[in-house]
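A single chain, nothing else alongside it, follows as structure tokens in the form predicted on its own.
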């Protein structure tokens, strides 16, 4: 039951989290801690961008790296060419969004595994082509290197994580999001009641692609040395996919919980186990998914409030 005029607990927690993230560079100068927080925020943004289509829309996009890479490449080239970083980032986001519409229009007509395989093929074509056309590592000029600071990159990551999570929150409660959920559950039935399946899927694809491009642009701005083909690597598809399933697919807060768990666990395993840490991480991932199929968000909710309803997601009515 909600008291009239009271601030919802979820909104208050989110506001406190954003405030803590914004104040972190003011409270500490520990570069290792800031770098860790940057990675959590970056992975949250990237995983949430995948979740908008793969989780809320039920369309498993295995070519997410294509849009991450396009945003990264466009932002890096324009920024090093003299454009202000904000304009370069906006252009990279726009390029990824446009590519999402162009690629999504034909690929979304494919169903099931054919859509996943088709998007994966597009990302691989871009990766190979970029490696052939731009084989050299891009490094910052001496002047930019001397002025390099982590704080501006960190605040851009905060902006991306907050913006994309807000978009997920809106999607979970909007009429468009409910239509998208209907398409996810049963496309034929959704079409029968007047929901435009293709329009909803293409809208979610464009939104997901644009946000992936924004995240890629921040990644390109963050790195001193930059290998163009690397931003099209499948790792930028499968890492966010793993994070979403760890945190809770189709949930608003799952990508944040999954990103924190993913970054911390990878760091610990790489230090303690060494080279085989990816194998160990894969086994732990399977254990988590089998033990908590709803993700970390559902597992935490079950521990804290047994029997409580799950939060509002796409297709679910908002809580009273």
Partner chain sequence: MTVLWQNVVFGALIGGLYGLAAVGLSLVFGVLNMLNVAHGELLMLGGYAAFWLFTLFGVDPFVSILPSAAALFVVGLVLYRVLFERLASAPGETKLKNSILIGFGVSLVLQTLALIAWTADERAVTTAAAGAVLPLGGAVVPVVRLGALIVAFLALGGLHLFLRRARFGRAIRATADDPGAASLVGIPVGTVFAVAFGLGSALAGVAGALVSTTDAVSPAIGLSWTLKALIVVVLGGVGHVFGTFVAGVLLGVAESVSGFFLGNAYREVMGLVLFLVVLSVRPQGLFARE
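The structure presented is a predicted model; accordingly, all values stated were derived computationally and were not measured. Residue numbers count along the first chain shown, from 1.
The following text describes the form predicted in complex with its partner chain, which does not appear among the structures shown.
The stretch in contact with its partner chain in the predicted bound form, judged by heavy atoms within 4.5 Å, is 116-124, chosen from 86-94, 163-171, 216-224, 116-124. Of the listed positions (292, 40, 265, 60), a single one reaches within 4.5 angstroms of its partner chain by any non-hydrogen atom in the predicted bound form, namely 60. Checking 80, 242, 150, 229 for any heavy atom within 4.5 Å of its partner chain in the predicted bound form turns up a single hit: 242. Although the partner is absent from this view, residue 133 contacts its partner chain in the predicted bound form, with a non-hydrogen atom inside 4.5 angstroms. Contact check for residue 27: every heavy atom lies farther than 4.5 Å from its partner chain in the predicted bound form. Heavy atoms of residue 285 reach within 4.5 Å of its partner chain in the predicted bound form, making it an interface residue.
With a 4.5 Å cutoff on heavy atoms, residue 102 does not count as touching its partner chain in the predicted bound form; it lies far away. Put simply, residue 289 and residue 263 spread apart in the predicted bound form: their C-alpha atoms are 3 Å or more farther than in the form shown.
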